[in-house]
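Let's start with one chain on its own, the form predicted alone, as structure tokens.
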Amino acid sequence: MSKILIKNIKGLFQVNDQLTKAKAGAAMQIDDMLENAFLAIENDTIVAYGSMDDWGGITDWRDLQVIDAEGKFVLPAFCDSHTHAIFADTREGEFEDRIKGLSYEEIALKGGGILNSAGKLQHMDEDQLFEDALNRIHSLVQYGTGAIEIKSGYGLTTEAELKMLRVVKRLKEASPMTIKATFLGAHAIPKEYKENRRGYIDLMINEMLPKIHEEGLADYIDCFCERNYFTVDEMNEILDAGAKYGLTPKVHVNQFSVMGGVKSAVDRGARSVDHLEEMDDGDIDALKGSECIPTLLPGCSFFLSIPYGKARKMIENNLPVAIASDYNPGSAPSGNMQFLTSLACAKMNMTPIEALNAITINSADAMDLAETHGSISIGKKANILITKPMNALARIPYSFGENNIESVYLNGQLFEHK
């Protein structure tokens, strides 16, 4: 049995044994902080915590690793509920194109963007794709990420989409990270189907989905509901088809325009609606009272110079806001969740505690992990991080670009990136 005692913790964040769903509205400002604390772990599970003032000691010191966290905070590991972390190559050329004045949409219309990534991935060996992705996601752990969702969508053929999802399945087996898989065949219309949208939608519904189901490759289904991509009606058809195979929707929507996709996604039981750079009152109303988590992707807003999500308005309307990285080679080439809290505070007027709630319990809930991740609770997974010494948790968003994490434990084991 592996046993760890972390003592003298300056602040133990998100301590709540009843916390099994996202915090909404004013509750996002609650830190559930326990000061001068200890935390006990056995194997992969949190088994005890409390104040050092009340600690009466332990009787069994056999095989016990003791960690002194004097001056440091302990938090649940971050959950990243929206990524495209499997890709063949980076896209620096498009970055330069945007600097020269082209928009993301203009680059996509001339064959760049998603289609650029798809063309490269279709010809890449699965083993190489796996090795690159494993190294990529493990590099994120040092910044505090302990759970991650990964989408397909850079394949756009049956063979390539299956290849991506098989890589996710291999990552689940090879990594101590908690990983969820999302089928995003509806990421863009491939070049060969440019004049036959119906044909590509039929391909996804009649060929891709049955094979994905047969191999058990996906947890969710996604669709990029946006102008120049997929219409609301097309999204509805795709999501309904996925539902027949037990796939819950997690939807890209409202990145550039308001089309009514939020309400349709909520009506179809979407676990989250992601992007939301553009929102109207109808979208806010559609989310009220639902179990759907609005998920903002400020890294994309930063990199593309597009509007940031209206986090303040959502919180004021008692919604639970999650934040995810959108890690991908074209519009958000960073999975650093600490930097996202900086953007949340500086660009979306969230407080540091709201931002940290958004990347822990709220993002855990956005990927159906709130029962086991996202808070310090007895019986939950021992996926935790220890910060470097700091005066307050606000240091994390304050010192953007700095890695404030000293160590990360996944399933009760110290993670060391090789």
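All residue numbers refer to positions in the sequence shown, first residue = 1. Computed from a prediction, not measured in an experiment: that's the story for all the values here.
We do not show the form predicted together with a small molecule, though everything after this point is about it.
For the options Q255, T182, T295, Q338, the one in contact with the small molecule in the predicted complex, meaning a heavy atom within 4.5 Å, is Q255.
With the partner removed from view, the residue among G330, P249, G144, G261 that has a non-hydrogen atom within 4.5 Å of the small molecule in the predicted complex turns out to be G330. The small molecule is not shown here, but in the predicted complex it comes within 4.5 Å of a heavy atom of H275. The small molecule in the predicted complex is not approached by K310, whose heavy atoms all lie more than 4.5 angstroms from it. Taking non-hydrogen atoms only, R271 never approaches the small molecule to within 4.5 angstroms in the predicted complex. In the predicted complex, no heavy atom of I150 sits within 4.5 Å of the small molecule. Contact with the small molecule, judged by heavy atoms within 4.5 Å in the predicted complex, is confined among 80-88, 166-174, 284-292, 135-143 to 80-88.
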